[in-house]
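Before any questions on binding or motion, here is one chain by itself as structure tokens, the form predicted on its own.
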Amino acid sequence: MLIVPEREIANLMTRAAAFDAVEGVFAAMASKDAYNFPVIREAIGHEDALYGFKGGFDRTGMALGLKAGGYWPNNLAKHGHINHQSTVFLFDPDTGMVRAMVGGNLLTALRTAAASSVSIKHLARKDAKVMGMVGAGHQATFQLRAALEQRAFEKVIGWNYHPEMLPNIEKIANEAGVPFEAVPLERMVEADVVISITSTFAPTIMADHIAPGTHIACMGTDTKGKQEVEAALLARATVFTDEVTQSVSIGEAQHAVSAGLIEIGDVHELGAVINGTHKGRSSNDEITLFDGTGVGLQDLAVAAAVVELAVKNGVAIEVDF
């Protein structure tokens, strides 16, 4: 078995490699060459933690495995560790034998940012100039850095429940040479692309916060009950997702479907746009919404890529198991 420790990931995995891995696995999912297993996600009754498993099998990339981990909200304050913790396990599809154990913390951040970035590439207007960020935590910095590579953005506007955290994303904008402005939520109507990355159980973004022609990527809802945007917004938008089953059960679409505002058939796979079997955006006035629930196949794709890089660079640890 190979082990790729968390400490090695930053020197191995690039945003470009994560983007390619996620884009490829979305396409494989839409062509039915890859599928996700049912998600297990539980509140364990200790440290307010959410813990679970996401897994799947990609016949195209021959990646089989799972990611185990979750969210420990007290980690940073109590222990100095980031709140999201995860590890990816890969298995040989031919034998079932364990192939690799890979640190999943940075990989999760990179693959989540890659997913919204892929959605921007395929769904946002080509002339998008203003980037909007709702959320300014640790993950938001990864989201913004990746998003700014997809269009020639001229400005970043941002809002967060805790305004003192906005310098996190202002720094990323400044590093990219793009001016930043903190704004009230109502001014998100000025954005051509919006990424929402919060952990809320009540909507933050209302339907009238989003202007016609905007692409919005909702990246924080991955659990039953969570909600970042008003359900009415999904009724105004053309909705895309990583996986329809997750979108309507634990993603943003769960609320719009349960309210009868949209049907399951109104939620489309982003991979179908990548494959060319869905036209994607049809006009400059259309609102497109990507419901990024986070699928296990994303984790397997980036983990498989990083294992190859670790072997190539001689930093993978081999152990008998």
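Small disclaimer: the values here were computed from a predicted structure and weren't measured. Quick note: we count residues from 1 along the sequence shown, nothing fancier. We call the rigid core the largest set of C-alpha positions that still match within 1.5 Å between the two forms.
Keep in mind that the form predicted together with nicotinamide-adenine-dinucleotide (NAD) is not shown, yet the notes after this line are about it.
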With the partner removed from view, which of 72-80, 220-228, 147-155, 174-182 is the stretch that lies within 4.5 Å of nicotinamide-adenine-dinucleotide (NAD) in the predicted bound form, judged by heavy atom distances? 220-228
Is every one of G137, N160 and G294 in contact with nicotinamide-adenine-dinucleotide (NAD) in the predicted bound form, taking contact as a heavy atom within 4.5 Å? yes
Would T198 count as a contact of nicotinamide-adenine-dinucleotide (NAD) in the predicted bound form, using a 4.5 angstroms cut-off between non-hydrogen atoms? yes
Would H209 show up as a contact with nicotinamide-adenine-dinucleotide (NAD) in the predicted bound form if we use heavy atoms at 4.5 Å? no
Please run the contact check for T112 against nicotinamide-adenine-dinucleotide (NAD) in the predicted bound form: heavy atoms, 4.5 angstroms, yes or no? yes
Although nicotinamide-adenine-dinucleotide (NAD) is absent from this view, report whether V98 comes within 4.5 Å of it in the predicted bound form, heavy atoms only. no
So which residues in 73-111, when you check nicotinamide-adenine-dinucleotide (NAD) in the predicted bound form, have a heavy atom no farther than 4.5 Å from it? H84, T108, R111
Compare the position of the CA of A152 between this form and the one not shown after a rigid core fit and state whether the shift reaches 2 Å. no
Threshold 2 Å Cα movement between this form and the one not shown for L261, core superposed: no
